[in-house]
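Let's start with one chain on its own, the form predicted on its own, as structure tokens.
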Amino acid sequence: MMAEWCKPVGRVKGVLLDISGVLYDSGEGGGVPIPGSTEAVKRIKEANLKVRFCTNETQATRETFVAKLQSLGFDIALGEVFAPAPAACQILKERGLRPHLLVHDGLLPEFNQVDQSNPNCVVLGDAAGNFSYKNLNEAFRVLIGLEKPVLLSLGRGRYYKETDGMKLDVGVYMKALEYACDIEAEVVGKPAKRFFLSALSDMDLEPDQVIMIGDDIVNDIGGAQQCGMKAVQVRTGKYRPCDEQHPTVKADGYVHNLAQAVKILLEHLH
């Protein structure tokens, strides 16, 4: 297969990587690196390509999350990680919004600096076990009581893969609240354009100089392509063969895993 995705208009100078399902599969006890992925990240950096990690991870603070990845052997620094919670905090401050939080306990410290009294919006993250009827209903009551309800969702994923199988993601609960309140959520994180563009601007690169590598056909691949990037899907993580027949999104390339993507990319650069 000709790797056309390696030859965008501008020479490739940077890589955007999804984390869960590309670098590792999360799960009890921290998760498991996908074979070859720690080495692949190292090779990207040794080739002097800029790299940023664009994740919709919202179960832990970036600090905790990055420390976990470092302990698994990944060369990853806090400043290289773009996650929805810090982006949401920026939006809350810009717009004077006070959130009612329905998020994972591990994420709460990200919102320490944000006024949460007398909430005038709801922020929804991947709350996992916190997604009880009681908690969803509480968020619903806040929204339905507002004249102009604002729902910020930290991503819109349907499911993701952990070591013990597939798990429902935040998008499912976002849809429930949208339906109940007859509103449309604002998505912070992938596939929102603003989220990808902030990572590109941090690298100081144009979309045609950057390749996105992810396991989510809609949020990683579709989101990146909407910003003008080439995007490659790995056949790891939540990937399923039917993704290759997706009705609206077609990846620029499909690879077995991150290691193969990096191998092809570096062969074309030299």
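Because the structure is predicted, anything quoted here is derived from the model rather than measured. Numbering starts at 1 and follows the sequence shown.
FYI, the form predicted in complex with a further copy of the same chain isn't displayed, but the following is about it.
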**OP:** Heavy atom within 4.5 Å of a further copy of the same chain in the predicted bound form: which of 108, 197, 77, 172 fits that? Just give me the one.
**Re:** 172
**OP:** Considering a further copy of the same chain in the predicted bound form, find the one stretch among 79 to 87, 92 to 100, 152 to 160, 115 to 123 with heavy atoms no farther than 4.5 Å from it.
**Re:** 152 to 160
Original post:
Just to confirm, residue 164 within 4.5 Å of a further copy of the same chain in the predicted bound form by heavy atoms?
Top reply: yes
**OP:** Look up in the predicted bound form whether residue 136 has a non-hydrogen atom within 4.5 angstroms of a further copy of the same chain, and give yes or no.
**Re:** yes
Subject >> Heavy atom of residue 182 within 4.5 Å of a further copy of the same chain in the predicted bound form >> reply: yes
Original post:
Does a further copy of the same chain come within 4.5 Å of any heavy atom of residue 71 in the predicted bound form?
Top reply: no
Original post:
Are all three residues 48, 51 and 203 in contact with a further copy of the same chain in the predicted bound form, where contact means a non-hydrogen atom within 4.5 Å?
Top reply: no
**OP:** Go through 126 to 140 residue by residue and record those having a heavy atom within 4.5 Å of a further copy of the same chain in the predicted bound form; state none if no residue qualifies.
**Re:** 128, 129, 131, 132, 133, 136, 137, 140
